[in-house]
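Take a look at this one chain, the form predicted on its own, written out in structure tokens.
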């Protein structure tokens, strides 16, 4: 008698803003899968994991209902779905396993450029076109104003121009789309990144073991993306000053250089921004061969 090994099921966006970043994350985590065809369910060949490709708006519900064990979704979609489900009395529990460092955007209120904005109270009683009515209503309540809304799934920016609304509540990345439609951003009501979420129902021991293997890889990729590996040659008598200039909390590694008594090699992983000004200060201390390189993977 043969038994089928349990497979961890992860929901991801089929196409759109988060899809490419999620696929890149899986690749850097060493997952081997083919997402080039039209199938909604893809199988990872080197780990017992299945990837379900769906619309972003479906991901929170699939995880909350236990259809998928994990999901990668924007915080804006996640929070909107949780608020809507709470209002309807549906299951809304989930576990935020970790935040991811991609998919950054903000949910903002925007008004026509000619609108005389005098603070949040000047929006009282106005009508907003939005795909995020629950986040909009929560923000209004928290700020003591009343607003109306009309639901739009696309082309939200044109709503004020055609008389459908006074303003909009929509996602903003650069603001160029607002400007092109004669709108100005007046309030940021929610900041969002992608998150890895997990069903609130405890996983089986077999699935938990798969997650325990996958999660350190994801965290390692996230940490590596934010870090740089710095190498340089420094005067031996200036090590203290050089160490003080190094970003982050890591202790530099000091190595001897063959045939040199006056210089040593300094290596450090920096989790903070390494500015040109810092490199110039190191150069002034007598350092040379200063290299700042990206890190592909990190663990522990």
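This is a predicted model, so every value here is computed, not measured. Residue numbers count along the first chain shown, from 1.
Separately, the form predicted together with a small molecule exists; it is not shown, and the next lines address it.
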Kindly indicate whether 79, 92 and 99 are, all three, within 4.5 angstroms of the small molecule in the predicted bound form, using heavy atoms. no
Just one of 220, 133, 103, 160 has a heavy atom within 4.5 Å of the small molecule in the predicted bound form. Which one? 103
Just to confirm, with a 4.5 Å cut-off on non-hydrogen atoms, which of 177, 204, 201, 146 contacts the small molecule in the predicted bound form? 177
Can you say which of 167 to 175, 225 to 233, 209 to 217, 120 to 128 gets within 4.5 Å of the small molecule in the predicted bound form, counting heavy atoms only? 167 to 175
Contact with the small molecule in the predicted bound form for residue 192, defined as at least one heavy atom pair within 4.5 Å: yes or no? yes
Should residue 18 be classed as touching the small molecule in the predicted bound form when contacts are defined as heavy atoms within 4.5 Å? yes
Answer for residue 55 alone: is it within 4.5 Å of the small molecule in the predicted bound form, judged on heavy atom distances? yes
Residue-level question: is residue 13 within 4.5 Å of the small molecule in the predicted bound form, judged on heavy atoms? yes
